[in-house]
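As structure tokens, one chain now follows by itself in the form predicted alone.
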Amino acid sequence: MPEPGGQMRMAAGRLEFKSPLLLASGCASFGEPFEDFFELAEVGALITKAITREPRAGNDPVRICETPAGMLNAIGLHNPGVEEFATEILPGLRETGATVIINVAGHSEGDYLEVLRRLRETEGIYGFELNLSCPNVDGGTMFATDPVLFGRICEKARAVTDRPLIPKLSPAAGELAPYAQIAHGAGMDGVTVSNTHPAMALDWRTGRSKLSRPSGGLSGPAVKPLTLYNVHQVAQTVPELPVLASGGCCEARDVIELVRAGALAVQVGTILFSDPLRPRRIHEELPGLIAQCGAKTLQELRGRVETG
């Protein structure tokens, strides 16, 4: 994959990425599925699958199913736990030269803070995405749908680490702009907009859920219009707060649209399951699309939406 040029570098506040493409949490694991397709150092960042204090086995199968224009997942935060990640997985990630953002999850404030404490002095970590909004575990959206709990955990996390902190907002909260305002006030360096959307898939013959749980999180092209709306609302309400767009990006033109809506960078996720080479194609196509928009750099297009 060609090295992204300066025309695709994106920067705002404390966040800076050589490419607007970020590999979304859970969809790229710890980078190993893509070793034969492109260099991890060439994308803006790899956001790891969720890391919790203790190892988690995740939900029982079936944990993924296809839907029209999307995918439902109920993985359930399957991961090896922070200690094994720090000692066995992160050293290999450092060798790739990737910009690594750790997705942090838990059931309590203490869970989140313990993971941050264990990793705050560890080399090879750019920042942390706080997964406060997982829809496919019990209580997974608790912190993201209660403004008091949300603000408190952001403040406590800020006191633990100086590295960039990016809470992942939940569509289950309704309008996301108020939560972005809280995040900005708590000293967060950005927000991810947003997590997957709570959804269901049923077998019409039996009435059984197609997942091992009654519901899961919807991602893929179907949610892009919702992501555009939420990114725009957050960017308009808190322009000082960088937004990482997550949901529905499959093509280079999707990147342009989400950046125009106000995103600093764009996470690609579901499309990686069917086309692991898609980041390479997006990188190849973006320069031409930027030129067609009459701009020299992608940064110039950020927040440029015409209405009326």
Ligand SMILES: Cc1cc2nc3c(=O)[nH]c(=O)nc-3n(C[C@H](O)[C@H](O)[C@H](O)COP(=O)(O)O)c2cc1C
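Keep in mind it's a predicted model, so treat the numbers as computed, not measured. Note that residue numbering follows the sequence shown and begins at 1.
What comes next is about the form predicted together with the named molecule, which is not displayed.
- Remark: of stretches 72 to 80, 172 to 180, 205 to 213, 155 to 163, the one touching the named molecule in the predicted bound form is 72 to 80 (heavy atom within 4.5 Å).
- With the partner omitted from this view, the residue of R53, R280, K49, R260 that lies near the named molecule in the predicted bound form is K49 [heavy atom within 4.5 Å].
- Proximity of V255 to the named molecule in the predicted bound form: non-hydrogen atoms within 4.5 Å are absent; the residue sits far from the partner.
- For the chain shown alone, V223 is a contact residue for the named molecule in the predicted bound form, at least one non-hydrogen atom being within 4.5 angstroms.
- By the criterion of a heavy atom within 4.5 Å, V43 is excluded from the residues contacting the named molecule in the predicted bound form.
- The shortest heavy atom separation between F273 and the named molecule in the predicted bound form is within 4.5 Å.
- Along 21 to 49, a non-hydrogen atom within 4.5 Å of the named molecule in the predicted bound form is carried by A24, S25, G26, C27, K49, in order along the sequence.
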